[in-house]
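Heads up, the chain below is alone and in the form predicted on its own; it's given as structure tokens.
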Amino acid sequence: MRWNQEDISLYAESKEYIDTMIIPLIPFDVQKDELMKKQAFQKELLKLFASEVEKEYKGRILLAPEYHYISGRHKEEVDRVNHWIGQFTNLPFDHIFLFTLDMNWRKLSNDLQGEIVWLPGLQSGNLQSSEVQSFIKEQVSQIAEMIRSYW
């Protein structure tokens, strides 16, 4: 289920069956044009990953709104991310996965109240190309298997 009016209405009616949430962690930095381009591409890629996993388990997973943060400020963001997670665990969600392409979050995984799922990402490319679609499909399969291991 996604964070839209229709799916949230369905969630409200059947929340006892939905025990897992995905929160995409999206960095941004407006200081360098090249970094902005890379991060914009990675945002689209991460949204695609999260969307595909949500489709795989529709009715069991809720895809939360994206969590945006300024690059390089990971330690400062831990409390804020944990506050977000706390809001969702009160609903309740038994499993919260934080999807990211930013390896720096892995160093802080012990400080977070959700499970970091670091996805190896591409730096750039065409999201519609067959190579990228194949890469996404393969990764989604592995992520889905990892999520099942928590259930």
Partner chain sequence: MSDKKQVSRRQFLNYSLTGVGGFMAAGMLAPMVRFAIDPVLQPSAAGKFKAVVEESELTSEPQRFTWKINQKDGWYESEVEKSAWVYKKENGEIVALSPICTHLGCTVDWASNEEYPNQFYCPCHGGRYKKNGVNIPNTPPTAPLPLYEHKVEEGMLYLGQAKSRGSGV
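Positions refer to the first chain, counted from 1. Computed from a prediction, not measured in an experiment: that's the story for all the values here.
Omitted here: the form predicted together with the partner chain. The next part is about that form.
Enquirer: Mind telling me which stretch in 85-93, 22-30, 108-116, 58-66 gets its heavy atoms within 4.5 Å of the partner chain in the predicted complex?
Expert: Among the listed stretches, the partner-contacting one is 58-66.
Enquirer: Quick one: is I147 in contact with the partner chain in the predicted complex, heavy atoms, 4.5 Å cut-off?
Expert: Output for I147 is no: heavy atoms all beyond 4.5 Å of the partner chain.
Enquirer: Any chance S141 has a heavy atom within 4.5 Å of the partner chain in the predicted complex?
Expert: No, S141 sits far enough from the partner chain in the predicted complex that none of its heavy atoms falls within 4.5 Å.
Enquirer: Would S14 count as a contact of the partner chain in the predicted complex, using a 4.5 angstroms cut-off between non-hydrogen atoms?
Expert: Within the cut-off, so yes.
Enquirer: Can you tell me whether V132 touches the partner chain? I mean in the predicted complex, with a 4.5 angstroms heavy atom cut-off.
Expert: The answer is no: V132 has no heavy atom within 4.5 Å of the partner chain.
Enquirer: For a quick test of understanding: in the predicted complex, does each of W3, L45 and I136 have a heavy atom within 4.5 Å of the partner chain?
Expert: No, none of the three is in contact.
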